[in-house]
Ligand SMILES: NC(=O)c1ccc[n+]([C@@H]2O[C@H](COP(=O)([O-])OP(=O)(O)OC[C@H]3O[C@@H](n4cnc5c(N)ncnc54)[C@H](O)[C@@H]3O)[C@@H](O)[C@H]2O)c1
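The form predicted on its own is given below as one chain in structure tokens.
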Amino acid sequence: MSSFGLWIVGAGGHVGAFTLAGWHALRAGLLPPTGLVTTAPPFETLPLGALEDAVFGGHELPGRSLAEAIERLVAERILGREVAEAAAVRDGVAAAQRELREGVVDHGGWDDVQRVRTDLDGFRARTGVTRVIVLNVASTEADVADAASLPRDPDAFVAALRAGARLPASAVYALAALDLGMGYVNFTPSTGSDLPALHALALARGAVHAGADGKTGQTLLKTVLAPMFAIRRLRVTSWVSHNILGNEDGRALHDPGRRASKQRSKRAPLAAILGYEPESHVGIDYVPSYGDWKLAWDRIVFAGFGGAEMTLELTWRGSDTALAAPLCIDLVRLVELAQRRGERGVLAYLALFFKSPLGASEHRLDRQWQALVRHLLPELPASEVP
């Protein structure tokens, strides 16, 4: 099987660095595949790209060091020092560092699209890979206020950019990747490839894309618990969620515009699953001393028989990075398989991995799981679906 490339946008952040280090640790046998669905039944029989076949590069802000990012993971007790200092991990990180290029900050225009396109094409040529997947794990962007005004036709879209229109950085990367026929995965709630012109471009170029916003913790619980209330006909009157975090994502979300983008994504599953909109609130507070260890709290108020008001309270403390990295590895391997199989456009069957899944309206985790299995293993009898 030919090698493939993984290009990480935001490679020097916690998730990008742990995805990279974790990938090398897995293939060296230094870590077990905890949290990966592609290494367990029923997917272990799929012809997925081998971990050994991947090469790495990425975009990051100037001066950002992958080695320093790995050291932060060690300091925050996310990655063990013995793994971080293993030769296989050190050498892999150093090789990726040599392939880092300066990223796009905030918004970009046509010149930025061309620069990113050159970086991606150069990476493909230097490494000799036949397929590249661009994984966006950069900081959350604010919502695009004027997205509806952008042309829906790819040629008109490009013409608007040449005439001076600007795009959020995530869409700049998506445009460059899809135009080159590469895969694109948006693990953030940012715009990414979710613009009509980019959907059309992916189909025209035979490219694949998926997103948006990786489903790691609190929203994962919502997509499991909300169906319980719906099935039992217990009406939810309010669902209040709160998050306290202190990593780079938390700092970015301290900005009201970026926070609103994340809150929209985290609220999306409730109404879709319940069939109505309960009173809801998603709070996000930045407390630097928490580091990567996020505290998430939910208080659900629901009505029982006779109108009795009851509550369910949950507390979740975990490392978003440790939850996100295995999902990123799974997504890259599944998108690379889709490329080899000649798929094109939105990979809606990957909804399981996202809070706001592109191309899919189903948010219930069990049904998303069934859709993933049915697509990848259509011959598997229903009785054998885990």
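All values reported here derive from a predicted model rather than from experimental measurement. Residue numbers here begin at 1 and follow the sequence given.
Keep in mind that the form predicted together with the ligand is missing from the display, and what follows is about it.
**Q** Report yes if any heavy atom of Ser241 sits within 4.5 Å of a heavy atom of the ligand in the model of the complex; otherwise report no.
**A** Although the ligand is absent here, Ser241 would stay clear of it in the model of the complex, with no heavy atoms inside 4.5 Å.
**Q** I'd like to know whether Tyr184 contacts the ligand in the model of the complex, with contact meaning heavy atoms within 4.5 angstroms.
**A** No, Tyr184 sits far enough from the ligand in the model of the complex that none of its heavy atoms falls within 4.5 Å.
**Q** Quick one: is Ala138 in contact with the ligand in the model of the complex, heavy atoms, 4.5 Å cut-off?
**A** Ala138: contacts the ligand in the model of the complex.
**Q** May I ask you to state whether Val9 is within 4.5 Å of the ligand in the model of the complex, using heavy atom distances?
**A** Output for Val9 is yes: heavy atoms within 4.5 Å of the ligand.
**Q** So, a 4.5 angstroms cut-off on heavy atom distances: do all three of Pro154, Asp179 and Ala338 pass it with respect to the ligand in the model of the complex?
**A** Heavy-atom distance to the ligand in the model of the complex: none of the three under 4.5 Å.
**Q** Of the listed stretches (117 to 125, 82 to 90, 307 to 315, 99 to 107), which one has a non-hydrogen atom within 4.5 Å of the ligand in the model of the complex?
**A** The contacting stretch here is 99 to 107.
**Q** Please identify the residue among Ala169, Ile133, Ala202, Ile273 with any heavy atom within 4.5 Å of the ligand in the model of the complex.
**A** Selected residue: Ala169.
**Q** From first to last in sequence, which residues of 351 to 367 have any non-hydrogen atom within 4.5 angstroms of the ligand in the model of the complex?
**A** The stretch 351 to 367, when checked against the ligand in the model of the complex, contributes only Lys355 at the 4.5 Å heavy-atom cut-off.
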